[in-house]
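One chain is shown next in structure tokens, namely the form predicted alone.
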């Protein structure tokens, strides 16, 4: 019953996207908001809560990720109301976006709530394919080209995930039978896996597939190119929701790998994430485009979340995850206003906003830009503080404390490069270039205010206490 209620708003949205009446235009945003209602109810239920036998199970971790994703979806819907004021959006493209957003959401529900590796993969595949069509709602040659690129690279990534799942299943099947497909069974009985090498090979391939999908080394630019070619709300969904579904899979698989061999897991993820951060810091330093800047910064966040998670800093990883999920869509949606009819000029982008709405807009965008580089009291400041603490604690339990201190030093250097670039971009936006009058619409401001309120909620005592309980 609960599963039906969770899926119902998305199914209504899908059906309404075929209606060609003015009422459909009002109903579609309403269905997006309605997605939040059953998730709030699910949040209140005792955990773990079985939605469909052992295949779909809600726990504190995936309910939190589902709640964050639904809030991002509402923010994107609000900004979409006035998108046509900034770029050309046909009525057909508007309805088509909601049609594939509905399918995207159904895929996400299955992948985020999955306790079964096969269902997780099917949900991720469904979300991936639906995003191909969302990219193509922007009828430009660049968007169509990037949609094909997305399908090719996405297919490679998702194939790697599937191959890794097969190896993991093969490693555990002799001991667990058909339960070898269940995350919960693999984690609780990891000690009986008779082929740990096969399991670790499977985990490494799954992880590479998920990391490629999130833009890690060596595919650092493919996601940035796609987000640049898409409409701003599509880029916001990529960054705020799709990456969440991928990351929840990493959380699940890495917990099992941790119980099989913590040292191998830690070394593999640490080296991979550090290499990614090194490349991303260089690309951010050279970036001259809002969308690419924010997209590359998102990869940096994902790498840090993975590092904190495998270091045992679960609380830090989840706090960083929530902050990323709200900040990055807010910046992508703001870019639709900052660029003014698709022309992106960093210099002077924050000038020319008049009245209360204009003042509030540039103030919020300034806060988001400074928050994304972890200036206090941003949630990212606290998550990095706790995350680096967790890394040192993890190193104390081994004989590699000096190596860890060196690695943290390198990380701080790379983060300083990113910090410098963001501050330079902000100064150029605020103090350089010509002043051209620009307009901000109420729905865009409501979207930004929603994300600001969600960020504040993360830092409240109840928000922090909940994240600690998940950890």
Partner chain sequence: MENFLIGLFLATLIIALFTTRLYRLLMWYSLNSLTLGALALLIGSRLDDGAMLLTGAATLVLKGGLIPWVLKYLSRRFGLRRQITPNIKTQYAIMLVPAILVFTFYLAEPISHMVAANANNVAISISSLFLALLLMMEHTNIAPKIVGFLMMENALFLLGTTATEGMPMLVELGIFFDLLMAIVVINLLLRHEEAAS
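Numbering follows the first chain given and starts at 1. Not measured: the values here are computed from a predicted model.
We do not show the form predicted in complex with its partner chain, though everything after this point is about it.
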Report task. Find the only residue in 441, 422, 55, 64 having a heavy atom within 4.5 Å of its partner chain in the predicted bound form. Result -> 55
**Report entry** The unique member of 352, 389, 118, 218 whose heavy atoms fall within 4.5 Å of its partner chain in the predicted bound form
**Finding:** 118
**Report entry** Touches its partner chain in the predicted bound form: residue 196 (any heavy atom, 4.5 Å)
**Finding:** yes
Query - residue 159: touches its partner chain in the predicted bound form, heavy atom cutoff 4.5 angstroms - result: yes
Query - its partner chain contact at residue 271 in the predicted bound form, heavy atom, 4.5 Å - result: no
Query raised in the report: Quick one: is residue 155 in contact with its partner chain in the predicted bound form, heavy atoms, 4.5 Å cut-off?
Result: yes
Query raised in the report: Quick one: in the predicted bound form, does every one of 204, 259 and 264 get a heavy atom within 4.5 Å of its partner chain?
Result: no
Requested in this report: Sort through 328-336, 315-323, 357-365, 137-145 and report the only stretch with a non-hydrogen atom within 4.5 Å of its partner chain in the predicted bound form.
Outcome: 137-145
**Report entry** Residues within stretch 119-143 having a non-hydrogen atom within 4.5 Å of its partner chain in the predicted bound form
**Finding:** 119, 121, 122, 125, 126, 129, 130, 132, 133, 136, 139
